[in-house]
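Just one chain is shown here, as structure tokens, and it is the form predicted alone.
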């Protein structure tokens, strides 16, 4: 960037950019859709599909949006992929600094979630938000933790959380079928059911998902796989029948 001197009223030279003020991107380009997570009997289960949308085009089909954080946490992100990568860079620095203390202690999921809420709210106040909704789950000293934070810093904890369309389409299913002592197998089936509904109803979802498990022993990411689907339902053949004024 070129700079040119400009004289102010006090005759002191001031450097300003020739091509105008600094511009920041305020619109997401490549985005991922919903993340769904639950507490189960032994820890945390988290699921997300692997689609990356360039606008309304499903451009990428193998985007991982679930990442382990430190020893005790698991992070899932929806929204702008490059902003999610920036958040992962922040967390890498946080975990590295924590390890450098070498005091036998390590950041738990509650501390990481608190840090993320401050980061998101801080960037929102600068009118330069990180365009993501985040799910943070973890297990430390036998205590399970699951929370989420939005791009403007709104955050909460719950036994099951979801971002994007999952907040509207998956959480009603979770409220009906989730229970505190749900097993690993039943938890996976419940997440698959949620992801299948999202695939049917969310145009940005793809039929390739990844599920990760977090227990006291650590993170276990399972290989991506495709869901079995059925598109023969009568409502799929003519979805706008009876909808007055639709195409």
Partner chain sequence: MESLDVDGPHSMGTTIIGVTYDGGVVLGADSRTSTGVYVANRASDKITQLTDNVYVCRSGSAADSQILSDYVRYFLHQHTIQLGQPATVKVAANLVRLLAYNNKNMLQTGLIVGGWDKYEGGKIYGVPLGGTILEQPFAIGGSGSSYLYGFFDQVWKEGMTKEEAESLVVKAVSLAIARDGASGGVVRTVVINADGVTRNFYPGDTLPLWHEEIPAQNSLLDILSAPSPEPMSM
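Numbering follows the first chain given and starts at 1. Keep in mind that what you see is a predicted model, and the values were worked out from it rather than measured.
The same protein has a further form, the form predicted together with its partner chain, not shown here; the description that follows concerns it.
Its partner chain is not shown here, and in the predicted bound form it never comes within 4.5 Å of any heavy atom of residue 220. Within this chain, residue 91 is remote from the site of its partner chain in the predicted bound form, having no heavy atom within 4.5 Å.
In the predicted bound form, none of the heavy atoms of residue 178 sits within 4.5 Å of a heavy atom of its partner chain. By the criterion of a heavy atom within 4.5 Å, residue 59 is counted among the residues contacting its partner chain in the predicted bound form. Note that among 76-84, 170-178, 140-148, 103-111, the stretch whose heavy atoms approach its partner chain to within 4.5 Å in the predicted bound form is 76-84.
For the options 30, 182, 188, 197, the one in contact with its partner chain in the predicted bound form, meaning a heavy atom within 4.5 Å, is 30. Each of 26, 54 and 63 is positioned with at least one heavy atom within 4.5 Å of its partner chain in the predicted bound form.
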